[in-house]
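Quick heads-up: it's one chain on its own, the form predicted alone, in structure tokens.
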Amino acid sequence: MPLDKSYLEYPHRSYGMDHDRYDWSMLTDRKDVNWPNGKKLALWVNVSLQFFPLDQKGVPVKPQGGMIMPYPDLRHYSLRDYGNRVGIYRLLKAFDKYGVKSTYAVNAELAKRVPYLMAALKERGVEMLGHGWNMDTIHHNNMEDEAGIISESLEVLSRYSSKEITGWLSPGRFESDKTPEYLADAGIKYFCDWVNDDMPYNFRTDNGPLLAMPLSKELEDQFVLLSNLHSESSYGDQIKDAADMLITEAYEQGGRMLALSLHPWMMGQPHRIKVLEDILDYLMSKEEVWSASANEILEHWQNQQ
């Protein structure tokens, strides 16, 4: 028996997508983007600095990287702490060595717990993104006072930043139906939760416009190494292949963006930092690559739209 036509009738049913958050378009049909000094590929390196509580509740779910063993899961708790005590400093040295400008998504609770690290980042003048309260504060439809949690997270993080907080990455990339509205109302300019594009795009909310900055999940260290169980060498090859492909496209269709998502407890390990350095060396040796913060890339893109 054929389905009743009512199954295909629902709000926002339309060509290309079933919502009105943004205008659907093919990447190849959009206006060409030119990065500074004729560069073809904008490199956005985003480092997530996170706090996973030892007594993680996991409501409604646990994000990737959380506690998975019976309480107290000291093995995973202390490994995450390793990233914020040791691994991050290896990343900072690697960024300095290869001239990479990095952006940092920071849990507000972590900022309060590691003032020494926040002071070092503030001295470097880095750009920070709101990253929620902690990795056990997941945004979802039954969350109590989501707007208040977003506001408090941004207020706390702003104390430790040398620059205005204009970007956001939700913990675990989880959102409620109204998260974009709350972000826009809190003064956020762009968010990085949606990964449905290679370039920024305009996003609508009931509280005004947002800009979407897709932070690639496919090239995230956790996704490649932890979820897919690929080797470190494979991880490096995938990033290099992506860069080569995007540069090729950029010569034909206008500037492209390569977004790398890193976690210090993974890539700051002594057996992995060499792989990251090799990746950064490869990328920064290419004359087509422009290393910039998320907001710098977004502003250059927006000024050409």
Partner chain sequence: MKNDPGFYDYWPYDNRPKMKWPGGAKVAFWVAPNIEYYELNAPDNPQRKPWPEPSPAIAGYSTRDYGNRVGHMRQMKLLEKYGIRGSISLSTALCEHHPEIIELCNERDWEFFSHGIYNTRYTYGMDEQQEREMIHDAMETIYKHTGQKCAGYLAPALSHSELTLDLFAEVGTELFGDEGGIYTCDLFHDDQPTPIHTRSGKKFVSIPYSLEMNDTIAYVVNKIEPRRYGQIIKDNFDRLYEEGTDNSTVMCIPTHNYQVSCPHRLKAFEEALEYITGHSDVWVTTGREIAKHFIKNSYDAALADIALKKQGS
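Only the largest set of C-alpha atoms that superpose within 1.5 Å between the two forms is called the rigid core. Positions refer to the first chain, counted from 1. Everything quoted here is computed from the prediction, not taken from an experiment.
Just so you know, the form predicted in complex with the partner chain exists too; it's not on screen, but the next bit is about it.
Enquirer: Taking any heavy atom pair closer than or equal to 4.5 Å as contact, tell me whether D18 reaches the partner chain in the predicted bound form.
Expert: Yes, D18 is a contact residue.
Enquirer: Heavy atom to heavy atom, is E9 within 4.5 Å of the partner chain in the predicted bound form?
Expert: E9 belongs to the contact set for the partner chain.
Enquirer: Should Y201 be counted as a contact of the partner chain in the predicted bound form, where contact means heavy atoms within 4.5 Å?
Expert: It does: once the partner chain is placed as it appears in the predicted bound form, Y201 has a heavy atom within 4.5 Å of it.
Enquirer: So, E175 and the partner chain: in the predicted bound form, are they within 4.5 Å at any heavy atom pair?
Expert: Taking the distances in the predicted bound form, the answer for E175 is yes, it comes within 4.5 Å of the partner chain.
Enquirer: Taking the partner chain in the predicted bound form as the reference, which of D73, D81, D197, E146 has a non-hydrogen atom within 4.5 Å?
Expert: Selected residue: D197.
Enquirer: From the list N207, S158, S234, T166, which entry has a heavy atom within 4.5 Å of the partner chain in the predicted bound form?
Expert: Result of the distance check: S234.
Enquirer: Spot the stretch among 104-112, 118-126, 224-232, 89-97 with residues whose non-hydrogen atoms come within 4.5 Å of the partner chain in the predicted bound form.
Expert: One stretch meets the cut-off, namely 224-232.
Enquirer: Given a 4.5 Å distance limit between heavy atoms, list every residue of 51-85 close to the partner chain in the predicted bound form, or none if there are none.
Expert: Contacting residues: P60, V61.
Enquirer: Indicate whether W24 shows a C-alpha shift of 2 Å or more between the shown form and the other one, with the rigid core used for the fit.
Expert: After core superposition, the displacement of the W24 C-alpha between the shown form and the other one stays below 2 Å, so no.
Enquirer: Is it true that E287 shifts between the shown form and the other one by 2 Å or more at the Cα, once the core is aligned?
Expert: It does not, since the E287 C-alpha is displaced less than 2 Å between the shown form and the other one after the core fit.
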